[in-house]
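Heads up, the chain below is alone and in the form predicted on its own; it's given as structure tokens.
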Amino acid sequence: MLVFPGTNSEDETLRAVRAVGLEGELVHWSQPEKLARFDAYILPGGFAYEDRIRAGAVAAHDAVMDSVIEAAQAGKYVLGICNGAQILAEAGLVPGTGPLRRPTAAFAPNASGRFQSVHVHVKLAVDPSRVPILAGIEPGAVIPAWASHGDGRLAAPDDELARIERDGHLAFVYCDRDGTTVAAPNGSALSCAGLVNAEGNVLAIMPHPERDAWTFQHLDATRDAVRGNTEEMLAPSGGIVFFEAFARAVLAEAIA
């Protein structure tokens, strides 16, 4: 798990990774020599390099990303969450329709013009076969998460948006708890909550599934029903299904 200056949520994301049976380690941007031994990579949320120029732009050009790009091109799984998603877009890894580090789409400032932190649901918007990085995920899977960002609005020229939709790069869309697509809270084009590359091994998702991965993080009756029961309150649930699918993919690839 890659940590830049300004990264946050890395501990929660690492906890989710370990909860689903994976081994994980935090690797700082100054330690690129450590990356080669890992089977997959996660870029967590935050404000890398203070989001100077554009969110994720400076981190995308950090030398450590050379190793991540090389790994992605070799077929290894790369997951970006929130700021990690912004970095992957700026690096040209998603949607992956142009040259490296020449983004064809970006996660721009929210339509509201301010930082927003709201509970959301996202739905898998493509056939599961398009996202091998999430092995075994159900068609139309609905996952609870928190959208906590100031720059989460997908923006691109009209022809690029059409290509994203037509060619299966729109991985997740915002929806209600029943799976009905809704307008993105940040004004994102196509109600986009996540992008995937053509090969399906690089995924960028804006909302944080790790922030709704245990019962105590829930806002609904699920949490209230087990209040006072420590074991149940700390049980993985909700957004943990996202990491379970990711774990299946990583473990299957490591065994192959």
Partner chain sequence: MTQTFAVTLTIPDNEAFTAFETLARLGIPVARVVRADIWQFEVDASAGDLAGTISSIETIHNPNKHRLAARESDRPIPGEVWVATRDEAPATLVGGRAIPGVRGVRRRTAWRLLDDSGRDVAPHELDRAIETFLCNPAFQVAITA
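Residue numbers count along the first chain shown, from 1. None of the values given here were measured: they were computed from a predicted structure.
The protein also exists as the form predicted in complex with its partner chain; that form is not presented, and the subsequent description refers to it.
At least one heavy atom of Ala105 is located within 4.5 Å of its partner chain in the predicted complex. Proximity of Asp224 to its partner chain in the predicted complex: non-hydrogen atoms within 4.5 Å are absent; the residue sits far from the partner.
Remark: Lys34 does not count among the residues lining its partner chain in the predicted complex, judged by a heavy atom distance of 4.5 Å or less. With a 4.5 Å cutoff on heavy atoms, Ala198 does not count as touching its partner chain in the predicted complex; it lies far away.
The chain is drawn here without its partner chain; in the predicted complex, the stretch among 71-79, 150-158, 131-139, 168-176 whose residues come within 4.5 Å of it by any heavy atom is 150-158. Contact residues in stretch 56-74 (any heavy atom within 4.5 Å of its partner chain, taken in the predicted complex) are Ala57, Val58, His61, Asp62, Ala63, Asp66.
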